[in-house]
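Just one chain is shown here, as structure tokens, and it is the form predicted on its own.
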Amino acid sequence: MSPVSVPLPKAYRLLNHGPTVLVTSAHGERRNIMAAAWNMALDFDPPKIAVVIDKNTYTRELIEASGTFALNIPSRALAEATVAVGSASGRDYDKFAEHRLATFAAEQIAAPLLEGCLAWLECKVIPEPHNQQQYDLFIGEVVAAWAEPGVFHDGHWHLEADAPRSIHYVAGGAFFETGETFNVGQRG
């Protein structure tokens, strides 16, 4: 299935459950991908997210040069790649080529989107120099959001028993998958 557009007022729901993300970035002919476990939704209108990106990373260099990045939400099928791209610098080699990671073009930004993910958020940096330098914290405005319709539609995750699920990094190469959804009260 092709990704479907997620209405921006519902984009925060793609991150609200705390998944590990793959941050993609690009500037000119250069591109990179890294794993990030520290990310969160911040606001609804306009939708904003926060992600920690260490000042020594190649990804950060590209984000600072371009002012944009994407958050890609992987499933268990990409867990090995998540560890691999989070364990080495893209300054040393092309992570996409090395790990055979296919991409497709984003709509609003230059950073590529990673095939095989559950959802994607295209972001423009909201400059906050103090937070970026002191805490490695980047705030991004979500300018486009996408999801696989089999797992996210009508503004909600729909995780059937056999559906792929997002992964959450614990430490030392250990992850867990999002569990079964259940409802209490009114859905919005």
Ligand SMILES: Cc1cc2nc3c(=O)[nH]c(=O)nc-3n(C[C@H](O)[C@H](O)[C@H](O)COP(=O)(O)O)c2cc1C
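Don't overthink the numbering: it's just position in the shown sequence, from 1. Just so it is clear, the structure is predicted and the values come from calculations on it, not from any experiment.
The following text describes the form predicted together with this ligand, which does not appear among the structures shown.
Note on the partner interface in the predicted bound form: the residue among 26, 49, 53, 119 having a heavy atom within 4.5 angstroms of this ligand is 53. Remark: none of the three candidate residues (70, 124 and 139) comes within 4.5 Å of this ligand in the predicted bound form, counting heavy atoms only.
Residues within 4.5 angstroms of this ligand in the predicted bound form, judged by any non-hydrogen atom, belong to 29 to 37 and to none of the other stretches in 140 to 148, 157 to 165, 29 to 37, 126 to 134. Within this chain, residue 66 is remote from the site of this ligand in the predicted bound form, having no heavy atom within 4.5 Å. Residue contact with this ligand in the predicted bound form: residue 169 places a heavy atom within 4.5 Å of it. At least one heavy atom of residue 85 is located within 4.5 Å of this ligand in the predicted bound form. The closest non-hydrogen atom of residue 108 lies beyond 4.5 Å of this ligand in the predicted bound form. Of all the residues from 93 to 118, the single one having a non-hydrogen atom no more than 4.5 Å from this ligand in the predicted bound form is 95.
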